[in-house]
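Read the single chain below, which is given as C-alpha cells and is the form predicted on its own.
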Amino acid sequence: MPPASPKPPIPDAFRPSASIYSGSPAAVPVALGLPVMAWQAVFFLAPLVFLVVITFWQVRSFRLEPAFVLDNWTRILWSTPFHRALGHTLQVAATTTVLALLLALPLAYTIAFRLSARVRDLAVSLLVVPVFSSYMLRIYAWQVVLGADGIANAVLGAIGIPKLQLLGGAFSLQVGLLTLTLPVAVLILVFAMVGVDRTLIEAAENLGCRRAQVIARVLIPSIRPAIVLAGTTTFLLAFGDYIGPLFMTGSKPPTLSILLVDTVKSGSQWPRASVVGVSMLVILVLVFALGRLAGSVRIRRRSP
C-alpha cells in the first residue's frame, strides 16, 4: 500500500484569525453583556440616582430647586398618611401572596402531573396569554363583572339574592391583584414541578406513602425555592401595583403607589414623592433579599 501523500498547506487567507483564540473565553460573555449593562446604567441606575438626589431638593413657587435639605424625609417618614399607606400596602401585598400561593399550588400540581403533555402545553399557553395582555383591560373587565349592575349581581338577582357591593372594597382589590399575580405564580410552580425527578415520587408511592404524604415530604421540599420565588414575585407585583387599587377600590384607603401620585399632584411636590418612591424601592429590595436568603438557606441544607 503506497504511503499517503502529505496534505497541501492551507493558504494564509483561509486560516482562522489568531485573535479569536488568543482572548480569554471568559471575556466573551462579558463583551456580549456590555450593551445590556450600558443600557441598565443609562436608563435605570442614572434615573434611580437622580430620584435619590431630588429627595433633598425643595420646591419654591411650584418650581424644583437644587438644595440639600432633610425636610422632605422628615415630613414623609414621620407623617400619619405615610404610615397608614405603608401598613395597608404591606397587608394587601401579604394577603395577595398567601392567596396566590394557596390557589397556585393545586392548580400547578394538576397541570404538571394530571394533564397529558399536549393539554399541559395548552394550559401553559393559556397562562402565558394573560401575563402579556393588557392589565388595564382585565381590570375594566372585572369592573363590568363586579359593578352594581354587573354580571355577578345579575346572576345573583336571577336566583333571588339581593345586590351586593362587590366593587370598591377588599374583595374587589384582591380580585384585581390576583388577576395580575396568579398567572405568574402558577407558571413558576408549573415549571418547577415539571422538573421534579419522577423517580422520587414513584419511590415514595412504592414505599406506601399516600398522595398527601408524597406532596408534603417529596414534592414541596423539591420545589421550595420555586415557592419562595413565586411568593416573592407575587409580593413585589402586588406591593408596587397602582392600577388595581385605583380602579378596584377608588384609592380608598390609599396604597403607597397612590400616595406617591397624590403627593406629586399636591403642589408639584416631586421631592416628597421621591421619598415615597425610594422608600418603596428599599422595601422591595429587602423583600427580594429575604427571598434569596430563604432559597439559599434551603440549598445549603440540601448540600452534603
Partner chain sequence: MQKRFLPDLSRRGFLRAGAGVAALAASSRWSPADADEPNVLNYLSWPGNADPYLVGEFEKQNNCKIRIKEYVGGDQMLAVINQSPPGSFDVVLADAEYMHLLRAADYLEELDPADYPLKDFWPEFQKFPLHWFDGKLYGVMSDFGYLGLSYNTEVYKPDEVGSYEAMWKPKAKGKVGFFDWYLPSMGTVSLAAGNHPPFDLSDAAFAAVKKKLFSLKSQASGFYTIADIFSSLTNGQAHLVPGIGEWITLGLRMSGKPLDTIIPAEGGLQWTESLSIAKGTKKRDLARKFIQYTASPDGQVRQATKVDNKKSIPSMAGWKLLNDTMPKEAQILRLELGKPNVMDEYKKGRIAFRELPKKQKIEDWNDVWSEFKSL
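Positions refer to the first chain, counted from 1. Every value quoted in this text rests on a predicted model; they were computed, and no experiment measured them.
Keep in mind that the form predicted together with its partner chain is not shown, yet the notes after this line are about it.
Proximity of Leu77 to its partner chain in the predicted bound form: non-hydrogen atoms within 4.5 Å are absent; the residue sits far from the partner. For Pro221, no non-hydrogen atom is located within 4.5 Å of its partner chain in the predicted bound form, even though that partner is not displayed.
Taking non-hydrogen atoms only, Phe62 approaches its partner chain to within 4.5 angstroms in the predicted bound form. Among heavy atoms of Ala203, none comes within 4.5 Å of its partner chain in the predicted bound form. Shown here without its partner chain, the chain has Tyr140, Gln143, Gly147, Ala148, Asp149 in 133-161 lying with a heavy atom within 4.5 Å of that partner in the predicted bound form.
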